[in-house]
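Consider the single chain below, provided in C-alpha coordinates and representing the form predicted on its own.
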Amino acid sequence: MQQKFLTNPAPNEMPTRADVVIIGGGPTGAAAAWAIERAAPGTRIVLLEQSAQLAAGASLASLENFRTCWAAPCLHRMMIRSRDVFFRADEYFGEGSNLGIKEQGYLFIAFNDDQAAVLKSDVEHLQRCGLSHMQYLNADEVGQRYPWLKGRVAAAKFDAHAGWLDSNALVYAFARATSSTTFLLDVKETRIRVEGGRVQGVTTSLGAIDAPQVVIAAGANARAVGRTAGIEIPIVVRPRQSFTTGWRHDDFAEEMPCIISGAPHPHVRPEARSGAIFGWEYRINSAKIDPENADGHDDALINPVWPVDTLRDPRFPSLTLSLLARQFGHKPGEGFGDPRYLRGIFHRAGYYVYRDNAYITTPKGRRQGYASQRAIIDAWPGIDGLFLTVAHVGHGIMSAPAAGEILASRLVGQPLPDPEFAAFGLDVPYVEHDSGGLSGSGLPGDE
(Lines give C-alpha, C1' and ligand atoms only; values in the text may rest on other atoms or scores of the structure.)
Protein backbone atom coordinates (compact mmCIF):
# COMPACT_ATOMS: atom_id res chain seq x y z
CA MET A 1 0.00 0.00 0.00
CA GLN A 2 1.57 3.27 -1.11
CA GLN A 3 1.76 6.10 1.39
CA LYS A 4 -0.94 8.72 0.90
CA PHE A 5 -2.29 11.83 2.59
CA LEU A 6 -6.04 11.77 2.11
CA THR A 7 -8.78 14.24 2.99
CA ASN A 8 -12.39 13.33 2.15
CA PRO A 9 -11.28 10.36 0.04
CA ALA A 10 -13.42 8.98 -2.75
CA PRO A 11 -15.06 5.63 -1.94
CA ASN A 12 -12.50 3.74 -4.02
CA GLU A 13 -9.63 5.49 -2.15
CA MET A 14 -10.94 4.96 1.37
CA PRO A 15 -8.98 2.19 3.11
CA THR A 16 -11.27 -0.43 4.62
CA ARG A 17 -8.63 -2.77 6.08
CA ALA A 18 -5.34 -2.32 7.88
CA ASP A 19 -3.00 -4.20 10.17
CA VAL A 20 -2.85 -1.24 12.56
CA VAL A 21 -4.94 1.89 13.00
CA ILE A 22 -3.33 4.81 14.87
CA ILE A 23 -5.65 7.47 16.27
CA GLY A 24 -3.82 10.80 16.48
CA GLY A 25 -1.50 12.65 14.10
CA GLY A 26 0.77 14.46 16.54
CA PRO A 27 4.43 13.61 17.21
CA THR A 28 3.62 10.39 19.11
CA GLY A 29 1.16 9.07 16.55
CA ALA A 30 3.44 9.81 13.60
CA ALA A 31 6.43 8.38 15.47
CA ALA A 32 4.45 5.21 16.18
CA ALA A 33 3.78 4.70 12.45
CA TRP A 34 7.45 5.28 11.63
CA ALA A 35 8.68 2.91 14.35
CA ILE A 36 6.16 0.14 13.61
CA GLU A 37 7.24 0.11 9.97
CA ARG A 38 10.89 -0.08 11.04
CA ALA A 39 10.14 -2.95 13.41
CA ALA A 40 7.86 -4.81 10.97
CA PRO A 41 8.35 -3.60 7.39
CA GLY A 42 5.27 -3.80 5.24
CA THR A 43 2.79 -3.42 8.10
CA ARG A 44 -0.32 -1.77 6.65
CA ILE A 45 -1.06 1.24 8.85
CA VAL A 46 -3.81 3.84 8.69
CA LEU A 47 -3.26 6.94 10.81
CA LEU A 48 -6.35 9.04 11.60
CA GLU A 49 -6.09 12.75 12.40
CA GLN A 50 -9.13 14.87 13.24
CA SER A 51 -7.56 18.10 11.94
CA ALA A 52 -6.78 18.99 8.36
CA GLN A 53 -3.04 18.57 8.96
CA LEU A 54 -0.66 16.63 11.15
CA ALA A 55 0.83 18.19 14.30
CA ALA A 56 -2.15 20.51 14.78
CA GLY A 57 -2.72 19.89 18.49
CA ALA A 58 -0.60 20.66 21.55
CA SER A 59 2.52 20.95 19.39
CA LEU A 60 1.33 24.38 18.28
CA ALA A 61 1.65 25.68 21.86
CA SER A 62 4.97 23.97 22.52
CA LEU A 63 8.38 25.59 22.76
CA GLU A 64 9.61 22.65 20.60
CA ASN A 65 12.55 22.02 22.91
CA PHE A 66 14.58 18.92 23.72
CA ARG A 67 16.93 18.17 26.61
CA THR A 68 18.69 15.21 28.18
CA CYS A 69 18.93 16.33 31.82
CA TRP A 70 16.27 14.17 33.47
CA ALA A 71 17.02 12.72 36.89
CA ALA A 72 15.09 9.44 36.33
CA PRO A 73 17.05 6.94 34.20
CA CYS A 74 14.01 5.94 32.14
CA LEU A 75 13.47 9.57 31.15
CA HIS A 76 17.01 10.60 30.35
CA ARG A 77 17.62 7.40 28.38
CA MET A 78 14.46 8.07 26.41
CA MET A 79 15.60 11.60 25.61
CA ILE A 80 19.15 10.51 24.72
CA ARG A 81 17.76 7.99 22.25
CA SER A 82 15.44 10.58 20.71
CA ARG A 83 18.23 13.12 20.45
CA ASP A 84 20.33 10.53 18.62
CA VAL A 85 17.56 10.15 16.05
CA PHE A 86 17.24 13.94 15.65
CA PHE A 87 20.94 14.33 14.90
CA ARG A 88 20.99 11.39 12.48
CA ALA A 89 17.85 12.47 10.65
CA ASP A 90 19.20 11.61 7.19
CA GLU A 91 19.81 8.04 8.30
CA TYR A 92 16.40 7.59 9.93
CA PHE A 93 14.15 9.72 7.71
CA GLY A 94 15.93 10.00 4.40
CA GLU A 95 18.67 12.13 2.90
CA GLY A 96 18.06 15.85 3.05
CA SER A 97 15.87 15.75 6.16
CA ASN A 98 16.06 19.12 7.89
CA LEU A 99 14.56 19.37 11.37
CA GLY A 100 15.76 22.93 11.95
CA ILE A 101 17.83 21.88 14.98
CA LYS A 102 19.41 24.53 17.17
CA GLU A 103 21.65 22.89 19.80
CA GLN A 104 22.17 25.99 21.97
CA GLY A 105 21.65 24.39 25.34
CA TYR A 106 19.47 24.84 28.41
CA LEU A 107 20.61 27.23 31.13
CA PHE A 108 18.88 26.68 34.49
CA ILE A 109 19.29 29.76 36.69
CA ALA A 110 19.90 30.07 40.45
CA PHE A 111 19.52 33.46 42.12
CA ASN A 112 20.71 32.61 45.65
CA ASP A 113 22.99 30.17 47.48
CA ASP A 114 20.20 27.73 48.32
CA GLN A 115 19.12 27.50 44.69
CA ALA A 116 22.76 27.15 43.63
CA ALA A 117 23.25 24.22 46.01
CA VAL A 118 20.24 22.48 44.46
CA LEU A 119 21.61 22.91 40.94
CA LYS A 120 25.03 21.64 42.02
CA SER A 121 23.44 18.54 43.53
CA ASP A 122 21.44 18.02 40.34
CA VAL A 123 24.57 18.17 38.18
CA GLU A 124 26.46 15.75 40.44
CA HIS A 125 23.59 13.27 40.25
CA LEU A 126 23.26 13.60 36.47
CA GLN A 127 26.99 13.09 35.98
CA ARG A 128 26.84 9.95 38.13
CA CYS A 129 24.08 8.76 35.77
CA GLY A 130 26.49 9.11 32.84
CA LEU A 131 25.43 12.56 31.62
CA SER A 132 29.02 13.83 31.63
CA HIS A 133 28.13 16.83 29.47
CA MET A 134 26.13 18.42 32.32
CA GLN A 135 27.91 21.45 33.79
CA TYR A 136 27.63 23.44 37.00
CA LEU A 137 28.61 27.08 36.49
CA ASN A 138 29.38 29.39 39.41
CA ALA A 139 28.57 33.09 39.30
CA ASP A 140 31.89 34.05 37.70
CA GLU A 141 31.60 31.37 35.03
CA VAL A 142 28.07 32.45 34.17
CA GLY A 143 29.23 36.08 33.89
CA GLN A 144 32.14 35.14 31.62
CA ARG A 145 29.89 33.26 29.21
CA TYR A 146 26.95 35.65 29.36
CA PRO A 147 28.09 39.13 30.44
CA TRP A 148 24.54 40.48 30.72
CA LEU A 149 23.90 37.98 33.55
CA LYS A 150 26.97 39.03 35.54
CA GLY A 151 26.03 40.17 39.01
CA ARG A 152 22.44 38.98 38.59
CA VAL A 153 22.89 35.20 38.82
CA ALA A 154 24.37 33.09 41.63
CA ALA A 155 24.95 29.93 39.57
CA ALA A 156 23.57 27.86 36.72
CA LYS A 157 23.17 24.30 35.47
CA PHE A 158 23.92 23.89 31.78
CA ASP A 159 22.78 21.09 29.47
CA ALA A 160 24.97 21.45 26.39
CA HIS A 161 23.10 18.70 24.52
CA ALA A 162 19.77 20.53 24.67
CA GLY A 163 18.11 22.76 22.13
CA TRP A 164 15.04 23.02 19.94
CA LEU A 165 13.76 22.02 16.54
CA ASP A 166 10.87 22.43 14.11
CA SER A 167 8.15 20.11 15.41
CA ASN A 168 6.16 20.31 12.18
CA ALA A 169 9.23 19.25 10.21
CA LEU A 170 9.75 16.35 12.64
CA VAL A 171 6.20 15.04 12.34
CA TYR A 172 6.26 15.19 8.55
CA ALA A 173 9.71 13.56 8.53
CA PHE A 174 8.18 10.62 10.39
CA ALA A 175 5.37 10.53 7.85
CA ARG A 176 7.60 10.75 4.78
CA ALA A 177 9.82 7.98 6.13
CA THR A 178 6.91 5.53 6.07
CA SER A 179 6.05 3.52 2.96
CA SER A 180 2.98 1.48 3.96
CA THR A 181 1.06 4.09 5.98
CA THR A 182 -2.01 6.00 4.81
CA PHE A 183 -2.68 9.29 6.58
CA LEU A 184 -6.37 10.17 6.74
CA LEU A 185 -6.92 13.82 7.65
CA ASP A 186 -10.00 15.69 8.85
CA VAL A 187 -11.47 12.50 10.33
CA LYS A 188 -14.29 13.01 12.84
CA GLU A 189 -16.21 10.78 15.22
CA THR A 190 -13.65 7.99 15.51
CA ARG A 191 -14.85 5.05 17.58
CA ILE A 192 -13.05 1.82 18.40
CA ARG A 193 -14.92 -1.42 17.72
CA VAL A 194 -14.42 -4.18 20.28
CA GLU A 195 -16.06 -7.61 20.26
CA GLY A 196 -15.38 -10.52 22.59
CA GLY A 197 -12.46 -8.74 24.26
CA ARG A 198 -10.67 -8.12 20.98
CA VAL A 199 -10.23 -5.07 18.78
CA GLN A 200 -12.08 -5.30 15.47
CA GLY A 201 -11.21 -1.90 14.01
CA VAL A 202 -12.71 1.59 14.01
CA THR A 203 -15.66 3.49 12.64
CA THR A 204 -15.25 7.10 11.51
CA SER A 205 -17.09 9.88 9.75
CA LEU A 206 -15.47 8.63 6.54
CA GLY A 207 -16.38 4.97 7.00
CA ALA A 208 -15.24 1.85 8.84
CA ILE A 209 -11.76 0.31 8.86
CA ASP A 210 -11.22 -3.28 9.97
CA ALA A 211 -7.99 -3.82 11.91
CA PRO A 212 -6.83 -6.22 14.63
CA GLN A 213 -4.71 -3.57 16.37
CA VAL A 214 -5.53 0.03 17.33
CA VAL A 215 -3.20 2.57 18.94
CA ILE A 216 -4.61 5.50 20.91
CA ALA A 217 -2.25 8.46 20.46
CA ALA A 218 -4.91 11.15 20.67
CA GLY A 219 -3.36 13.53 23.21
CA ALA A 220 -5.95 15.42 25.24
CA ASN A 221 -8.74 13.49 23.48
CA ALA A 222 -7.33 10.09 24.47
CA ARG A 223 -9.71 9.51 27.39
CA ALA A 224 -12.73 10.26 25.18
CA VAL A 225 -11.44 7.92 22.47
CA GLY A 226 -10.82 5.22 25.06
CA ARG A 227 -14.41 5.45 26.24
CA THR A 228 -15.59 4.33 22.82
CA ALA A 229 -13.83 1.02 23.60
CA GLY A 230 -15.40 0.90 27.06
CA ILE A 231 -12.25 1.86 28.98
CA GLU A 232 -11.31 4.80 31.18
CA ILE A 233 -7.71 5.82 30.57
CA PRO A 234 -6.12 7.18 33.78
CA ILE A 235 -5.06 10.61 32.53
CA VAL A 236 -5.79 14.26 33.25
CA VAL A 237 -5.12 17.35 31.13
CA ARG A 238 -3.57 20.61 32.24
CA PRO A 239 -3.92 23.77 30.12
CA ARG A 240 -0.59 25.39 29.29
CA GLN A 241 0.19 28.67 27.55
CA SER A 242 3.04 30.14 25.55
CA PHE A 243 3.56 33.24 23.49
CA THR A 244 5.95 34.39 20.81
CA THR A 245 7.22 37.92 20.34
CA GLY A 246 8.67 39.49 17.24
CA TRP A 247 11.18 41.49 19.27
CA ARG A 248 13.98 40.52 21.67
CA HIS A 249 16.31 42.75 23.69
CA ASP A 250 19.89 42.99 22.39
CA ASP A 251 21.57 41.19 25.30
CA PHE A 252 19.42 38.12 24.71
CA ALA A 253 21.20 37.28 21.47
CA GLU A 254 20.12 34.82 18.78
CA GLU A 255 22.76 32.27 19.84
CA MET A 256 21.72 32.24 23.52
CA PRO A 257 20.48 29.04 25.17
CA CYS A 258 16.99 28.48 26.44
CA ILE A 259 16.82 30.05 29.90
CA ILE A 260 14.89 28.38 32.70
CA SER A 261 14.67 30.94 35.46
CA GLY A 262 14.15 30.45 39.19
CA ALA A 263 10.89 29.29 40.77
CA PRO A 264 8.19 29.30 39.46
CA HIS A 265 10.50 28.65 36.49
CA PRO A 266 9.44 30.87 33.58
CA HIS A 267 11.44 29.92 30.50
CA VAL A 268 12.36 31.67 27.30
CA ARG A 269 14.47 31.06 24.24
CA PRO A 270 15.36 32.99 21.10
CA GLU A 271 12.96 32.51 18.20
CA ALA A 272 13.76 33.23 14.56
CA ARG A 273 16.08 36.17 14.07
CA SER A 274 14.62 38.84 16.28
CA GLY A 275 11.96 37.23 18.48
CA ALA A 276 11.55 35.05 21.54
CA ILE A 277 9.16 32.39 22.79
CA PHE A 278 8.05 32.21 26.42
CA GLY A 279 6.27 29.72 28.66
CA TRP A 280 5.98 28.51 32.26
CA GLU A 281 3.91 26.31 34.54
CA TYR A 282 1.29 28.97 35.11
CA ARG A 283 -1.91 27.66 36.68
CA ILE A 284 -5.12 28.61 34.99
CA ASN A 285 -7.83 30.56 36.75
CA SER A 286 -9.56 27.94 38.91
CA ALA A 287 -12.85 29.79 38.45
CA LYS A 288 -12.87 28.46 34.89
CA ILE A 289 -12.70 24.85 36.05
CA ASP A 290 -15.91 22.95 36.63
CA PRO A 291 -15.41 21.23 40.04
CA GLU A 292 -16.91 18.00 38.70
CA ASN A 293 -14.56 18.07 35.72
CA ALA A 294 -11.58 18.76 38.01
CA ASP A 295 -12.43 15.77 40.27
CA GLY A 296 -10.33 17.06 43.14
CA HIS A 297 -7.47 18.50 41.07
CA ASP A 298 -6.80 22.20 41.51
CA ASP A 299 -5.26 22.74 38.06
CA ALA A 300 -6.26 19.77 35.92
CA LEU A 301 -9.31 18.53 34.05
CA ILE A 302 -10.68 15.07 33.46
CA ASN A 303 -12.24 16.16 30.16
CA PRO A 304 -10.64 18.86 28.01
CA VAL A 305 -12.58 22.04 27.28
CA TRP A 306 -12.76 22.98 23.59
CA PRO A 307 -11.72 25.22 22.07
CA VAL A 308 -8.74 25.33 24.41
CA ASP A 309 -8.22 29.04 23.62
CA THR A 310 -11.16 29.77 25.93
CA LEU A 311 -8.74 29.00 28.78
CA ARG A 312 -6.14 31.46 27.57
CA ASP A 313 -5.47 34.12 30.19
CA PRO A 314 -4.90 37.52 28.55
CA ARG A 315 -2.69 38.48 31.51
CA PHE A 316 -0.24 35.67 30.80
CA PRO A 317 2.26 37.53 28.55
CA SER A 318 2.53 40.58 30.79
CA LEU A 319 2.75 38.44 33.94
CA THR A 320 5.51 36.31 32.42
CA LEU A 321 7.56 39.33 31.36
CA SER A 322 7.01 41.05 34.70
CA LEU A 323 8.18 37.95 36.56
CA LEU A 324 11.31 37.61 34.44
CA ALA A 325 12.09 41.32 34.73
CA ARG A 326 11.82 41.13 38.52
CA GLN A 327 13.97 38.01 38.74
CA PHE A 328 16.73 39.42 36.54
CA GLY A 329 16.57 42.89 38.07
CA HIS A 330 15.47 44.64 34.90
CA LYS A 331 13.93 48.06 35.43
CA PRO A 332 10.89 49.22 33.45
CA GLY A 333 11.96 49.82 29.88
CA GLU A 334 15.00 47.55 29.95
CA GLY A 335 15.55 43.83 29.29
CA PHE A 336 12.42 41.79 29.89
CA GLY A 337 10.80 44.96 31.19
CA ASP A 338 10.86 46.59 27.76
CA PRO A 339 7.28 47.19 26.49
CA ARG A 340 8.32 46.29 22.95
CA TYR A 341 8.00 42.65 23.98
CA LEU A 342 4.23 43.09 24.14
CA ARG A 343 3.79 44.38 20.60
CA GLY A 344 2.22 41.97 18.15
CA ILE A 345 2.54 38.86 20.28
CA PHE A 346 1.18 35.44 19.26
CA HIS A 347 -0.45 33.88 22.35
CA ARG A 348 -1.31 30.16 22.29
CA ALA A 349 -2.88 27.61 24.61
CA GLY A 350 -2.73 23.83 24.58
CA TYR A 351 -3.04 20.83 26.87
CA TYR A 352 -0.36 18.75 28.54
CA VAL A 353 -1.59 15.24 29.31
CA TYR A 354 -0.46 13.49 32.52
CA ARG A 355 -0.92 9.97 33.80
CA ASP A 356 -3.20 10.02 36.83
CA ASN A 357 -2.39 6.59 38.26
CA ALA A 358 1.14 7.08 39.61
CA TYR A 359 1.36 6.51 43.34
CA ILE A 360 3.80 5.96 46.15
CA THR A 361 3.13 3.69 49.14
CA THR A 362 3.89 5.61 52.33
CA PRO A 363 5.50 4.02 55.41
CA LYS A 364 2.00 3.62 56.88
CA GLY A 365 0.91 1.63 53.84
CA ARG A 366 -1.19 4.31 52.20
CA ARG A 367 -1.23 4.84 48.46
CA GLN A 368 -0.82 8.51 47.62
CA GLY A 369 -0.70 9.91 44.14
CA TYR A 370 1.99 12.19 42.76
CA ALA A 371 2.57 14.14 39.55
CA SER A 372 4.41 11.72 37.27
CA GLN A 373 6.57 12.75 34.33
CA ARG A 374 6.27 9.33 32.65
CA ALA A 375 4.14 8.60 29.62
CA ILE A 376 1.94 5.51 29.35
CA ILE A 377 3.17 3.37 26.45
CA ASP A 378 1.66 -0.05 26.79
CA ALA A 379 -1.02 -2.55 25.80
CA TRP A 380 -4.41 -2.20 27.52
CA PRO A 381 -5.14 -5.31 29.59
CA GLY A 382 -8.30 -7.23 28.80
CA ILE A 383 -8.67 -6.02 25.20
CA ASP A 384 -6.42 -7.82 22.74
CA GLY A 385 -4.99 -5.46 20.16
CA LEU A 386 -5.52 -2.15 22.01
CA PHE A 387 -2.44 -0.03 22.74
CA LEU A 388 -1.77 3.38 24.32
CA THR A 389 0.88 6.01 23.78
CA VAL A 390 -0.47 8.84 25.92
CA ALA A 391 0.38 11.19 28.82
CA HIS A 392 3.57 12.60 27.34
CA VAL A 393 3.27 15.66 29.62
CA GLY A 394 5.15 18.53 27.93
CA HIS A 395 7.81 16.44 26.23
CA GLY A 396 5.92 14.65 23.46
CA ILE A 397 8.14 16.25 20.82
CA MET A 398 11.49 15.58 22.46
CA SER A 399 10.60 11.97 23.34
CA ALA A 400 8.77 11.08 20.11
CA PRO A 401 11.34 8.79 18.41
CA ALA A 402 11.98 6.69 21.53
CA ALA A 403 8.28 6.64 22.43
CA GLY A 404 7.50 5.34 18.95
CA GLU A 405 10.07 2.57 19.33
CA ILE A 406 8.70 1.56 22.75
CA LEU A 407 5.18 1.40 21.34
CA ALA A 408 6.36 -0.61 18.32
CA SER A 409 8.13 -3.15 20.51
CA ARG A 410 4.95 -3.63 22.55
CA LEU A 411 2.79 -3.96 19.45
CA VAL A 412 4.94 -6.42 17.47
CA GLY A 413 6.02 -8.43 20.51
CA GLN A 414 9.73 -7.57 20.46
CA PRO A 415 11.95 -6.87 23.52
CA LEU A 416 11.99 -3.28 24.73
CA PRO A 417 14.84 -1.21 23.26
CA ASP A 418 16.08 -0.54 26.82
CA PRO A 419 15.09 -2.40 30.01
CA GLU A 420 14.55 0.97 31.72
CA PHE A 421 11.65 1.59 29.33
CA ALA A 422 9.52 -0.89 31.28
CA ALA A 423 8.86 2.13 33.52
CA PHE A 424 6.49 3.48 30.85
CA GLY A 425 4.02 0.68 31.47
CA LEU A 426 0.42 1.32 32.36
CA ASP A 427 0.71 0.12 35.96
CA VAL A 428 4.15 1.00 37.27
CA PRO A 429 3.53 2.48 40.71
CA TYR A 430 6.68 4.52 41.44
CA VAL A 431 9.91 5.43 39.74
CA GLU A 432 12.59 7.33 41.63
CA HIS A 433 12.98 10.98 40.56
CA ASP A 434 9.90 10.61 38.36
CA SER A 435 8.24 13.84 39.45
CA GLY A 436 10.62 16.26 37.82
CA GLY A 437 14.04 16.02 39.48
CA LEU A 438 15.99 15.69 42.69
CA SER A 439 14.59 18.80 44.33
CA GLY A 440 10.96 19.67 44.85
CA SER A 441 9.97 16.05 44.31
CA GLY A 442 6.29 16.73 44.78
CA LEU A 443 5.90 13.41 46.55
CA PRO A 444 3.31 13.32 49.30
CA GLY A 445 4.16 12.92 52.93
CA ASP A 446 2.59 10.45 55.35
CA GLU A 447 0.50 12.55 57.64
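Residue positions are given as counts along the sequence shown, with the first one as 1. Computed from a predicted structure; not experimentally measured.
Absent from the display: the form predicted together with a small molecule. The rest refers to it.
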| query | finding |
| --- | --- |
| Selected contact from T43, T68, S409, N65, since only one has a non-hydrogen atom within 4.5 angstroms of the small molecule in the model of the complex | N65 |
| Residue among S82, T181, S242, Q373 with a heavy atom within 4.5 Å of the small molecule in the model of the complex | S242 |
| Partner proximity in the model of the complex: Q414 to the small molecule, non-hydrogen atom cutoff 4.5 Å | no |
| 4.5 Å heavy atom contact, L48 to the small molecule in the model of the complex | yes |
| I23: touches the small molecule in the model of the complex, heavy atom cutoff 4.5 angstroms | yes |
| Residue contact check: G57 to the small molecule in the model of the complex, 4.5 Å heavy atom | yes |
| Among 90-98, 142-150, 351-359, 325-333, the region lying within 4.5 Å of the small molecule in the model of the complex by heavy atom distance | 351-359 |
